[in-house]
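Take a look at this single chain, the form predicted alone, given in structure tokens.
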């Protein structure tokens, strides 16, 4: 019962993604071909909102539900790992036609073939966990 609010927020988020056509393969295809601003506008607004929220976290304006400060540890500087990770993520997104969040919305809409993509994403995360210590960070 305690997790019900998170479950309901997840359902609402899935409905919003569906109605905004974020899960549409065609919208993703348009984005990668630079034919439409739709996805760039959504991603850009998410980045701006993330920057605002991180500022609030760092200034301790927003706290957890228990009233504790949200501490964001600083990231190690490095351009290569971000470029490599971004390229790898983008290639997977382009090949699959879905990024991690919309994969589950597509499954909820009955697109059974997305199970192959979900399996591949889960297996990739598992492989990262196995080889994490050997990768340059």
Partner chain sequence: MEFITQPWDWYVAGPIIALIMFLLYYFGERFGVSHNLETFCSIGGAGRFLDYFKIDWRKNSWNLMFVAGAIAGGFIAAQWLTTSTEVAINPQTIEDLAAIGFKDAGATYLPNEIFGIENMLTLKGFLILLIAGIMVGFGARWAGGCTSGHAIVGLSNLELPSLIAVIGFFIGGLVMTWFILPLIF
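We call the rigid core the largest set of C-alpha positions that still match within 1.5 Å between the two forms. For clarity, every value in this text was computed on a predicted model and none was experimentally measured. Positions refer to the first chain, counted from 1.
Just so it is clear, the following notes concern the form predicted in complex with its partner chain, a form of the same protein that is not shown.
Undergrad: Although its partner chain is absent from this view, report whether residue 76 comes within 4.5 Å of it in the predicted complex, heavy atoms only.
TA: Because a heavy atom of residue 76 falls inside 4.5 Å of its partner chain in the predicted complex, the answer is yes.
Undergrad: Indicate whether residue 33 is a 4.5 Å heavy atom neighbour of its partner chain in the predicted complex.
TA: Although its partner chain is absent here, residue 33 would touch it in the predicted complex, with heavy atoms inside 4.5 Å.
Undergrad: Let me know which residues along 83 to 115 have a heavy atom within 4.5 Å of its partner chain in the predicted complex, or say none if there are none.
TA: The stretch touches the partner through 83, 84, 85, 86, 87, 88, 89, 90, 91, 92, 93, 94, 95, 96, 98, 99, 100, 101, 103, 104, 105, 106, 107, 108, 109, 111, 112, 113, 114.
Undergrad: Is the shift of residue 27 between the shown form and the other one large enough to count as movement, that is, does its C-alpha move by 2 Å or more after the core is superposed?
TA: Superposed on the core, residue 27 moves its C-alpha less than 2 Å between the shown form and the other one.
Undergrad: Cα of residue 107 displaced 2 Å or more between the shown form and the other one, core superposed?
TA: Residue 107: C-alpha displaced by less than 2 Å between the shown form and the other one.
Undergrad: Under a superposition restricted to the rigid core, does residue 93 display a Cα displacement of 2 angstroms or more between the shown form and the other one?
TA: The answer is no, as the C-alpha of residue 93 shifts between the shown form and the other one by less than 2 Å after core alignment.
Undergrad: Between residue 73 and residue 10, do the C-alpha atoms lie closer or farther in the predicted complex than in the shown form, with a difference of 3 angstroms or more?
TA: Compared with the shown chain, residue 73-residue 10 is closer in the predicted complex.
Undergrad: If the CA atoms of residue 9 and residue 72 move by 3 Å or more in the predicted complex, do they move toward each other or away, so closer or farther than here?
TA: Closer in the predicted complex, by 3 Å or more.
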